[in-house]
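This document starts with two versions of one protein chain, written out as C-alpha cells and named structure 1 and structure 2.
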Structure 1
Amino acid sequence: MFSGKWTRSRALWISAITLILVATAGLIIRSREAAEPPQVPFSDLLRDLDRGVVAGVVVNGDTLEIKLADGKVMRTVAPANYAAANSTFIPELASKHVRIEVRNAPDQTPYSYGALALGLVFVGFLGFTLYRVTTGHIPALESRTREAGPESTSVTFADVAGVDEAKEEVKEIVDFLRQPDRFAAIGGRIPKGVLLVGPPGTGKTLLARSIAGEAKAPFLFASGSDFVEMYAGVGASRIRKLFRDARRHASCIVFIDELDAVGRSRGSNSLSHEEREQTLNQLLVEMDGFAPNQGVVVIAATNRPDILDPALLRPGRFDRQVTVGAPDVKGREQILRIHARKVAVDPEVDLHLIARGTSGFSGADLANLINEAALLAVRAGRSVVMASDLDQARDKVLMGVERRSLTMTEHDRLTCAYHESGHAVVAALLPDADPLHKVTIIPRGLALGVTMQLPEGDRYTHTREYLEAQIAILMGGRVAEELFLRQMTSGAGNDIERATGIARRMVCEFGMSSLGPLAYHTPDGPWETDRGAGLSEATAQRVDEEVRELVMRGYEAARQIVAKHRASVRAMAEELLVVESLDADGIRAIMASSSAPAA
C-alpha cells in the first residue's frame, strides 16, 4: 500500500535527522568540554600579572583566556569594558610583555554551524509538512488515487464474460467517452454516476476497467475505504483531490470501489461519523459540481446498495444502477474460457462440465480455480492442465486447502468419521437435498472433516423443504456422534450455528413459519439494518420459539434417519477411516451395499 511506504520513508527521514542532531549536539558538548579551560576569579589574573607569570592573554570581549608561563591555560571574565582598547588594562599587559591576542567574534566551532544548518532544515521540514497538512496535501494520505497504468486500460469487453446485461447497459458510456461533444450536440443526457451492484468477485472492477479500456480513457481508481480516516477533513480533501485529478484527465472514468464504506447513510451512530458525513457531503458536492458533458463518469461498486445514503442515488449522482450478478452456467463457461486461454489446458478438458459443477462460483473464484489447477499441474511436473487438476482445484477453492500435516488423535478421527457420515447419510436420503459431491476426514481449512454437496443446476430460490433438509443434514453430524459414540463434541458448533441461522431467516425473512409472511427484522439480527422496526417482546419470544421448533424438527428428522440407517453410517465411517475421502460414486456404493431398509 502506498500509505505504508510513505509513512515508513517519512519515519526514516525523521529518525535520520534526529540522529544527526543528537550526534552533533553530543560532539559539540564533548568538544566544548575538552577545549574549555577552567574558569578562575578575575583576582587570580591580577595576582598572576603581579607575579609576572602570565605569558599571554586572549581578549574576547570581556572574556579573557590566560596562558601562564608554565603552560597552564585558564579563563576569566573581566568587569564590563575593563579589557576595552581605551582602558588601562591593555597598556599594562604590554608593559609586562604579555602576548596579547584579540578576538572579536565569540568562539564558533564548525559543529555549531552544522547544528544551526540542520536545525534550520528541520524547522523547514516541519513547516513544509504542516503547510501540506493544512492545505490537504498529506503525503501519507494522498496518492491513493492512482492513475491506472496502460495495463489496466488494456482490458476490454472481451475480457469480461457472464454479465452481458450489465455490459449492454454500460456500452453507451463508452460511446460517450469517445465522443462527448457529439453527445452534447444531440442533447443526450449521460449519467454522471453508475452504481455497479453485486457480490464480491463478480467482475465489477473488471467491468469498469473494460469501459475505460474500450474508450481508451484514463482510469482513476479509488476505494471507499481510502476515504475513511480518523482525522476530520482528510477524507473530504482526498475526494477533492480525486475529482481535481479527474477533471484534469477528462474524458475519464473515476472508479470508487466499496462505495458503502463512505456512502453509508448519515446519522448512523458510528464512531467516526462526523468525518464520514463530511466525506460523503464532499462526494455529493463534487458530483453535483461538474457538468454532465465534462467527460467525467463516476463508476462505483458496492454489494450493499441498501445501506447507501439515499442522497447518493438521487438524479445527477449515482442515478443508474447496474446489477452485476453471479454468473450462470453459460457465463461460467465463458469466464473459464477467458482464463483458460492464459494457461495451457489439455484440449480434452470439457469446460462446460466444469462450469456445471461450479454453481455459485463468482468470476474471481473461477479465475482462482484455473490458477490453482495450473499450479497443481506444474507441481505434478506436467506441461498442460488436465481435468483432474481442475477437479482438485475446485475442491480446494470450495473446501479450503487440505491440512494433511495436522495430526489428529485416533479418537478425533473416529469422531470425525462418524460425524461426517451422519451428514452424508442424511443428505443422501433426503429427497430435497442437493446431491453429495464428497465426504472427507482430511482436515481442510478450519474444518476437521467436510461433507460437500453440489447443486445440480443453479438455484436462485430455495423451497421450504430444501431449507428444512439443510437443517436436518447439519444436525446429522451431532446425531451420529450421539448415537454411535454416546458423546457430544464442540465439533458440531459450526453446524449448529448455520442451522440456527437458516431457521432464523426462514422465520424472519422468508415467512415460513406460523408467524406468517412478515419481515421480523430484529435490531441485532444477522443483518445490519436501520429499517427494522422494533419487535414487541411477545413477538420476539415467538420468533425464538419458532426458530427452536424448526431446528428441533430438523434434529428429529436426522435422528430418525440415522437410527434407521445405522448400518450405512457405520459402513461409511469405517470406510472413511481407511480411505479418508469418498466421492459421489463411493458414497453411492456404500449406501447400496449397506442394505439400508427401504425408507
Structure 2
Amino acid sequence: MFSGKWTRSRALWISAITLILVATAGLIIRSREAAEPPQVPFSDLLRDLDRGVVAGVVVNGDTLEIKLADGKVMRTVAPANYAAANSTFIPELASKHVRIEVRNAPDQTPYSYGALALGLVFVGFLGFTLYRVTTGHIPALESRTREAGPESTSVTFADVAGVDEAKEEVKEIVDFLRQPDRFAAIGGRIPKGVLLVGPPGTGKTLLARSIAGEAKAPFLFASGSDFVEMYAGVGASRIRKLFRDARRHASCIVFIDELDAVGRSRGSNSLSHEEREQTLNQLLVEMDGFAPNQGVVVIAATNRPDILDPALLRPGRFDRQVTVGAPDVKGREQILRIHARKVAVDPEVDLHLIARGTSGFSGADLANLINEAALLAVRAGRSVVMASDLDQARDKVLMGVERRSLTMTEHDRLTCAYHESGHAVVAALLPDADPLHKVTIIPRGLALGVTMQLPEGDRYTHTREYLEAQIAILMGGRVAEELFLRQMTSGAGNDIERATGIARRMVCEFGMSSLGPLAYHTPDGPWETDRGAGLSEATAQRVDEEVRELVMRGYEAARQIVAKHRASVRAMAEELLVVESLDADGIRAIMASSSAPAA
C-alpha cells in the first residue's frame, strides 16, 4: 500500500515539475520576443537621420540598433560593409550629434542566462532518465523478484498431500539446506536445480513453498514472465539481480514459476525473440557458470517441459525433474481432508466416497470443490457442509452451472429427455462402461442435458472394449431420437464429434484396427492436424474406412440396445420430463421396473 502511494506521489511531483519547466520556458521566450525592438528597413534610418530625430546608434556587426529622440528603439540591418564602403556615414552621424556605440559581441542578458540554465536542466534530466533506463531503476523496469523470509514461509510438507513421491524427491534438498556438512563430508553435492513438471493445479508452487518452510531458508520467487520485457537487456539484468540477491544468503531457494515463458527453446522458430534469448542465456550462465552458487537451489515449475531449451535440462542446471501429477484416490482423499479442516464439515460426510467420484481432479480442483460446497451451505442457511452440498458442488464442477432460467419449449424438453435416456440406457446395459451417476435435462453449461458417469476407480489405460462402449454410449442419444421421435437434431453434434475422435485415436495412435499396431502421425503432431502428410492416399483412405467402421459399429450396438429396451428408454424419458434429474438409484429403479424387453 505504501509503495503504491509513494509511486503515485512521485509521479505527481514529476508531472508538476515538468509543467513548471515548460511554462517557464514559454514565458522566457515570450518575454524575450516582447523585449526585442522591432526591425525596420535601413532606408528608415537614413530618413530619420535627415530629419534629425536619431539620438543614438548601437553598431553590432551589420545590425544597427536605433534610438530616436522620443525614446523609441528600433533595429535594422545595414548592407554588407556599408560603413566601410561609405566613408561619410560615420562622420555624418557625428555631425548630427548622434551618440555612436560599437559592440563586438552580443550582450548576455538575464534571458540568455535563463535559457542556458533551462537547457542545462533539460540535458541533465535527459541524461538522468537514460541512466535509469539503462540500469533498470525506472519503476516499470525494476526487478519484480519477491523474497519471503524463513519466518513468513509457514507452509510445510504437512500441508501438501497427494504427491508423496514428489515430496520424497525434494526432501534431500531440505536435508542439504539444514545440514550441508553431511553432504560435504562425503563429497556429494545437492542438485543445483529441480524442475517441477505437471499439469496446472497439481501443487507445484505449493510444493516449492513447503520446501522453503521445512528448510527455514529464505525464499526468493519470481515468474518467468517477469524477465521478459520490450527493452533490451532488462530481462538479463533482472536475472543477474535475482542471483546476486540469492548469493547474499548462506543458503536460499530461488523459485521461478512458469519457466517456459523465459526458457523456451532457442531458434526453434522464426518468431524467436532476441531479448528473450539473451535473458535465457543469462539464466544458463547464472545456474552453471564461473560465478559460485553454493547454497543456492533453483526450483522451477512448468506444465510445458517439451518446449524448454535442452541446455536448461542438462545435469548441472536442472539436475532433477520431479513429476507432480494428478493425485490418485488416496491422494484426493488426503487433499480433501486438508481443505476440509478449514471449513465446518458434517462428521457424517464420507470423504472417501467423494474422492472416488472425483477421478482426474487436481489439487486446485478439490480445493475449489470444498469452497463451492461451503458457499452452497451458506446459501442454504446451514452452518455446516453436508454430503449433499459436496455432491452438488461436484456436479457443478463436472457438468457446469444449472441454467434454470433458460426457457425450453415442450418439444425441446421431449427431445432432450429421449436423447439423454438413450445415453443412459446404453451406458447401464454395457458391461464395460462406467457406472451411471446422474441423468438430467436441466441445462448445464453449454449442454441442454447431461448424462454423467463416474468410474469406480482411477483409469490409467483403456481397453478396446471400454473405448467401443464409449462410442456406443455417445451414439445412444441419436439412436433414441430416430427410433422414438423419427427425427435427427443438432443436439447429437458434440456426441458425434467425440465418438469420431475416439475412433480416430484407436486407429491412428492405439493400433486398435485391422491396420495393425502402427502410429499414423507426422513429426509435428497427430495425423489429423495435417491430413495426408507422411501417408499415402491408399493408407489415408483405409484410415477413414476404419474410423467409419468403428463409429458405425458403435451406432449399431446402440441401436440394438435401445430397440430391445424401448420400455426402459420411454419410462426414463417420461420420468425425466417430470422430475428433470435422476440419480443412480432412480436410474436403477426405472431399469428394474421396465426390464422386460420390447417385443
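We call the rigid core the largest set of C-alpha positions that still match within 1.5 Å between the two forms. In this text, all values refer to a predicted model and were calculated from it rather than measured experimentally. Numbering for residues begins at 1 and runs along the sequence of structure 1.
The form predicted together with adenosine-5'-diphosphate appears here as structure 1. With the core held fixed, the Cα of Asp159 is displaced between structure 1 and structure 2 by 2 Å or more. The rigid-core alignment places the CA of Asp181 2 Å or more apart between structure 1 and structure 2. Core-aligned CA deviation for Arg248 between structure 1 and structure 2: 2 Å or greater. When the core is overlaid, the C-alpha of Lys72 ends up 19.3 Å from its other position between structure 1 and structure 2. If you overlay the core, the Cα of Gly213 moves by 4.0 Å between structure 1 and structure 2.
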